[in-house]
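Single chain ahead, written as structure tokens, the form predicted alone.
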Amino acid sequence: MKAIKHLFGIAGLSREQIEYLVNMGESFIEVNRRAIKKAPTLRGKTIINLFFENSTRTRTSFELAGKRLSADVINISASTSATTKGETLLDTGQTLAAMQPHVLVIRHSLAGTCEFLAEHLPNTALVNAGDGAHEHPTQILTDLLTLKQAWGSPEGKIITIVGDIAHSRVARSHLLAAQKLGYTMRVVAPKTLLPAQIERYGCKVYHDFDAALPGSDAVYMLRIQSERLTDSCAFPSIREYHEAYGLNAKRLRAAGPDCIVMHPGPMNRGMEIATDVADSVKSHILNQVEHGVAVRMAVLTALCGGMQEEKSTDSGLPLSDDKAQGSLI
């Protein structure tokens, strides 16, 4: 399997690499459910999380992932970085790289941020934690782990994704993953929230939510990204949007008895999803949150050069024998 140094997006991963990361993430679920949630895998490694956009799930899960693997983890937000004093993104990146971290995790509003920095930071692995409306690869790996736990494999399944497709990096990454892994994406949105030429991804586009539901194996809801909207008339009102594109119990029944519900968060209850659906037994939303830590543990492990073999002591704590198994992707 070809090794990679950075994780920019799903577009740069092969099917084999995607499945390897998902499978490794699955192995870390057990670590996260232990009474003592610690493994020595990345002991001596340094991870810096540099977030220029607000985040709860992604930032916290990256922090927990690094710490549970025994890495040294530093968190930096835009409000506390020198960019508030006029420093450029490049200068910030080079400054942090000069401190010799092993991995730099970046979330930024501009697409291509990680690729840009990679050209100037040759000795630091970079992870895209979301860049504008471009990609969000670790969220999709998280979703694929959730689907693996639910179904065994997403191949041959139908996922109906609904909402603000135009501004969703999650939607773009899922469309790319579907092409590689053999599942079908149905895209549902008003015309004002669809990107141009989206059909090039091989998906079927609907403007009528109810028409898209029958036969869906999963309904994946997206929030309206008001912070990215430039058109204040993208939809008439919250009430009318919910009536046309909100997932409620009646719509979920129309999808079929085995359909599951997903959402990358944060949710706007009463807008894209009803509370009784979000909290129902068919909702896998909190499973996605749990799996996000495990998947990010897998990504950090892979980019730091692979897992160390572990032995369990009588106390149940893993010990490393210092023999690396090599590159994971």
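A residue's number is simply how far along the shown sequence it sits, counting from 1. On a predicted model such as this, the values are computed, not experimentally measured, just so you know.
Only in words, not in the display: the form predicted in complex with ligand NCD, which the text now covers.
J.: For the three residues 58, 170 and 223, verify that every one has a non-hydrogen atom within 4.5 Å of ligand NCD in the predicted complex; reply yes or no.
T.: The answer is yes: all three residues contact the partner (heavy atom, 4.5 Å cut-off).
J.: Of 139, 216, 124, 146, which one comes within 4.5 Å of ligand NCD in the predicted complex, counting heavy atoms only?
T.: Selected residue: 139.
J.: Which of these residues, 102, 134, 107, 186, gets a heavy atom within 4.5 Å of ligand NCD in the predicted complex?
T.: Only one listed residue qualifies here, and that residue is 107.
J.: Is there a heavy atom of residue 264 no more than 4.5 Å from a heavy atom of ligand NCD in the predicted complex?
T.: Although ligand NCD is absent here, residue 264 would touch it in the predicted complex, with heavy atoms inside 4.5 Å.
J.: Which single stretch, out of 250-258, 198-206, 162-170, 90-98, brings residue heavy atoms within 4.5 Å of ligand NCD in the predicted complex?
T.: Stretch with heavy atoms near the partner: 162-170.
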